[in-house]
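Below you will find one chain, with nothing else, as structure tokens; this is the form predicted on its own, and questions on how it binds or moves follow later.
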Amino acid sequence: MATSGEILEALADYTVQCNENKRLRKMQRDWTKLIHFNAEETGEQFTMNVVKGEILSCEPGAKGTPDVIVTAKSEDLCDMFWGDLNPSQKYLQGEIRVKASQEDIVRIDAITMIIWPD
């Protein structure tokens, strides 16, 4: 089980990867979303604020009304942000659940292919 600190550290690393990726930033320049991440076994929540493709903040707690809700085991959330697991595969297996519009799910899938192409 990953701790809240480990998830926040992984989110911070993911933020740098996304914000420094010029291709991703260009592709997501019109994507503004509030995303909640739920660690199912601990009940901890995290909020990511994305404005015009740039991640402006990641913080503990569920802030505002989310456009996207991602629920998974804390360890899977951590491994996903570190790039140690394929989130698409976990999604297809039902181990990562995403509540969002179909357009947002397609965008998230595109983000994972750019950030973790393998």
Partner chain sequence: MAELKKVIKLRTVISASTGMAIATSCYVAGIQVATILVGELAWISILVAGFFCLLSAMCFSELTALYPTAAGIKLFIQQAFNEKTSIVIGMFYVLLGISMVGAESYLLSSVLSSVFSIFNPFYDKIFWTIIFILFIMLINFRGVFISGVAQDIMTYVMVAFMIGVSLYAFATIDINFSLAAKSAKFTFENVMQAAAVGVFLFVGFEWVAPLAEETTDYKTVGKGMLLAVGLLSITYSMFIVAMFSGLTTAQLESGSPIPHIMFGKNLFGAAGLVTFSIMSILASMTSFNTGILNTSRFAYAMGRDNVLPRVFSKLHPLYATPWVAILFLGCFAIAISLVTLVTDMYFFVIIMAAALECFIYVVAALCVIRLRKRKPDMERSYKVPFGIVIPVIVMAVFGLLMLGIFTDITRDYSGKELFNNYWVAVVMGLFLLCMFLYTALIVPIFKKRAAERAQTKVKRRPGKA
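As the structure is a computational prediction, the values presented were derived from the model and not from experiment. Positions refer to the first chain, counted from 1.
Beyond the structure shown, there is the form predicted together with its partner chain, which is absent from this document and is the topic of what follows.
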* Which one, Cys58, Val50, Cys78, Ala72, lies within 4.5 Å of its partner chain in the model of the complex by heavy atoms? -> Cys78
* To do: Examine Tyr91 and determine whether its closest non-hydrogen atom to its partner chain in the model of the complex is within 4.5 angstroms.
  => yes
* To do: May I ask you to check whether Thr112 falls inside a 4.5 Å heavy atom distance of its partner chain in the model of the complex?
  => yes
* Touches its partner chain in the model of the complex: Asp67 (any heavy atom, 4.5 Å) -> yes
* Looking in the model of the complex, any heavy atom of Asn21 within 4.5 Å of its partner chain? -> no
* To do: Can you tell me which bits of 36-58 touch its partner chain in the model of the complex, meaning any heavy atom within 4.5 Å?
  => His36, Asn38, Gln45
